[in-house]
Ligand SMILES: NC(=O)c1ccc[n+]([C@@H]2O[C@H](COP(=O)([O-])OP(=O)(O)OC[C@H]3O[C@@H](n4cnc5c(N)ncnc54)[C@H](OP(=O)(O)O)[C@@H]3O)[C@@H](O)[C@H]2O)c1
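The form predicted on its own is given below as one chain in structure tokens.
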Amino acid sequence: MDICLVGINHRTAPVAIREKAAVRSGKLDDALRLLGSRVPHGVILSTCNRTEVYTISDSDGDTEEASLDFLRNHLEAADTVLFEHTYVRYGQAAVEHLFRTASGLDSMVLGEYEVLGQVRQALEIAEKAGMVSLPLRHVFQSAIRTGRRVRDETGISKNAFSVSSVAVDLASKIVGRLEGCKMLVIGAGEAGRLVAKAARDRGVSRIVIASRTRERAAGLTEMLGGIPISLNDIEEELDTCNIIVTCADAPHCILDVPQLVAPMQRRPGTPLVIIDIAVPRNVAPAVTQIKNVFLYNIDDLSRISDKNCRQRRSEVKEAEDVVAAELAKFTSWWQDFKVRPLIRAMMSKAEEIRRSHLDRTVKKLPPLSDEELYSLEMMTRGIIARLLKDPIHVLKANGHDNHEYAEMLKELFQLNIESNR
């Protein structure tokens, strides 16, 4: 296969590296245009735990180097850092990785739901940017179907945690009972919704949701309760909140040392727990220098998610069986797809020869009835079909991964091939 994956994730890099490679949702169109200047077709999957570039080329271009160059620009780091933290997959290995990712098998929180929606969204945005070819579309649609099947047919996502709910669990382990706590949630997107819902379900008595505008935050509080505020007003909440969970899609830090020093002086002896699950991070690491401020980032959630993984390990085998079945189905489609232009060219040339010779023959014969003409038509078509049956069967079995085999047939039959789109 000529599908290539270049990526960086929570298994290969800490959040300090991942946040540099992350592509914010508002910048994804620009990122796809940049990628499109290097390769004709590609999809960028960027979540809190991974940035992956899936590419496919109609030619023999170096899609790996193009994807690495794209990540290099985002990381703004030396090649040694890039190669230390990135991974490359080709062909079936790349497809299997995407299937496992969509199924929640490659997530920090095993079986989590959010990643399936993120895979779907990555495809939709790339489609709108004109970056998706037929095979790339089929890869992602097959991955989405695989993810749905895994969740429908196995228990891997039953009562599953999300990164957001694990963040609330971490808060409860640190501060104890949440019923008397006030929580400030910074970010009103999907992650913020899940944080607020998990906090409400676990009994947090007061929830404040902050977003770029109060109206955006209000849209969430209308569904889940709580108090909506603008990001400009968060400093007023720092005196009284016990827990802050940040998950905003922002290009810079929202909380830094100067914002926290004065509030912490006004609340001596009262700790403040901050859990930053955003990538890029919303909170400057230096805030830990302030007394009674305890900061955790998304990588710290792995301790809790490891327990979740152990509890769900028995479901992994069933999920992997679904992935294997879908991968076999995709591989069969891909094998046919790869040789489809060659088969189409063979059949077209055979039909052209059949039609030409049949027309010349009919002109030399006495006038024939419609029934006789139909019989000649079907007989010649049958001869062509029978002659090509075995070559096509062998081509499907061997031509997809044997370039020399396909080239030999092109030469023997003198075929002009049009590529798949």
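Not measured: the values here are computed from a predicted model. Start at 1 and count along the sequence shown; that's the residue number.
Keep in mind the form predicted in complex with the ligand is missing from the figure; the text below concerns it.
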| property | result |
| --- | --- |
| The single option of Leu342, Val322, Ala191, Leu116 touching the ligand in the predicted bound form, heavy atom within 4.5 Å | Ala191 |
| Interface residue in the predicted bound form among Thr213, Thr240, Gln259, Ser302, criterion: non-hydrogen atom within 4.5 angstroms of the ligand | Thr213 |
| Contact label in the predicted bound form: Lys410 to the ligand, heavy atom within 4.5 Å | no |
| Any non-hydrogen atom of Glu127 within 4.5 angstroms of the ligand in the predicted bound form | no |
| Non-hydrogen atom contact Gly147 with the ligand in the predicted bound form at 4.5 angstroms | no |
| Contact label in the predicted bound form: Val163 to the ligand, heavy atom within 4.5 Å | yes |
| Contact segment among 90-98, 250-258, 169-177, 68-76, judged by heavy atoms lying within 4.5 Å of the ligand in the predicted bound form | 250-258 |
